[in-house]
Ligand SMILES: Nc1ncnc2c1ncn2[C@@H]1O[C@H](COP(=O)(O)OP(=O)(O)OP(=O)(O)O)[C@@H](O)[C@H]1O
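First comes one chain, alone, set out as structure tokens in the form predicted on its own.
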């Protein structure tokens, strides 16, 4: 006779509450995860997700509530107790050492296999291979972690968390935004690893800001907002829009409704590109209208990723870039672009847009230091006042800690601070590569609202994004790149996620759909272009500083 399956919840949370001074981090939160279930916990920054995880791991002690792991009460505030009862954690910072082998990383915490009191290389290697096989990885234990793909590195961290311990079998795996830094091509590989873990009977608490993943991997969803549980429902009962409404109310929808009121045709060209060639571009031409949000779409390698960098001067190019006043901007001169009202936010904010060791206030100031300089010194009071104004306007959290290092803020708040850096210049043209990549839906709502307001004020907003749903929601016009050129120009009612995707995937021989012909500028040799780190060029002043 077959023994009945164990139905004891892998995790049972009841009435969990936590305050930090007057701030409510969690209030009466309940959560239950069955063995073998993948349960998603969602919420924007500040919703309580991190506090929940820190309580489960023993880092914080709650003010009220109980937690049980596989039916056993969890002594709260004791990290060793979480491990003993079978709870394992993989945080956003994977805790891996890139410079040492996979085998050594797996041994961190658990140690190496030994024989006669010394490390056994053979047994340690066999154990490492077994750990990796448990999550479906066929990785050489001697390979350096730094040489692995992002998804494989995350898989190694999961394998380490699931390493067998006879005294403490794994019951629960907590994954804190495991795909936050993964490219889309790597996400499917990680999903396979998580399915393998849940199939072995381990309950998985899955925290993410990527909503599409929820419908792929999770059976149930708990949504937190401002520390309170607003929904705990089966994933099958939700669609994308309903999930967004649960997360942020109607903020995102409201911003998109306002975007629909913007004109499909710009008042006048604020920026014109003629025959732009270089990197993956081959004669790209387009006009971008004032008072309009224009999207640029295209598959990887189509030229979409380099159009805006080339226009701003951050990537080498040939061809002409013309301002509304007819000024021709020289190549590789971001300082001139800024002087004539252009702003540019690259896709990789960590490497090319931000200085993480500086404070949020200093990062906001970097785009233009002139308003804060007097007699050769910086005036801290007005600098701080402006930073606080932007913190309030963009709902940056914590709301008043502008002097904290940028690296101490979440990814969504870092992106808001980068928006503040450029929006305070009141740009005539705002160029943005992947502006909401890696941020939660709440932060996305705030950033979209700012872009809509800037366009309503007469700025030309140009967004290059791989997220066709985002482009369809906020853009009145979408230009599709293929083979380094503008191959389709969708406007007004033609703009939809389906139409954008279709045009992106069409062959290069497809008709131009009304796009102006290119200038025929010959493509130079295989130069990959040269990227300039965005350090703010503080001495180049824009319209806001005149």
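Numbering follows the first chain given and starts at 1. Heads up, when I say rigid core I mean the largest set of C-alphas that superpose within 1.5 Å between the two forms. Computed from a prediction, not measured in an experiment: that's the story for all the values here.
This protein has a second form, the form predicted together with the named molecule, left out of what is shown; the following refers to that one.
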- Query: Closest heavy atom of residue 323 to the named molecule in the predicted bound form, within 4.5 Å or not?
  - Reply: no
TODO: Please check if residue 147 has a heavy atom lying within 4.5 Å of any heavy atom of the named molecule in the predicted bound form.
DONE: no
*is_contact(residue 382, the named molecule) in the predicted bound form, heavy atom dist at most 4.5 Å*: no
> Can you check whether residue 50 is within 4.5 Å of the named molecule in the predicted bound form, heavy atom basis?
Replying inline: yes
Exactly one listed stretch (162-170, 149-157, 335-343, 401-409) reaches within 4.5 angstroms of the named molecule in the predicted bound form by non-hydrogen atoms, and it is 401-409
The named molecule in the predicted bound form has a heavy atom of only one listed residue within 4.5 Å, and of 304, 317, 361, 209 that residue is 209
With the partner omitted here, the residue among 413, 294, 280, 465 that in the predicted bound form has a heavy atom within 4.5 Å of the named molecule is 413
- Message: Given a superposition on the rigid core, I'd like a yes or no on whether residue 54 shifts its C-alpha by 2 Å or more between the shown form and the other one.
- Response: yes
- Task: Determine, after fitting the two forms on their core, whether residue 417 shows a C-alpha shift of 2 Å or more between the shown form and the other one.
- Result: no
task = Align both forms on the core first, then report whether residue 469 has a C-alpha shift of 2 Å or more between the shown form and the other one.
result = no
In the predicted bound form the CA atoms of residue 52 and residue 360, compared with here and shifted by at least 3 Å, lie closer
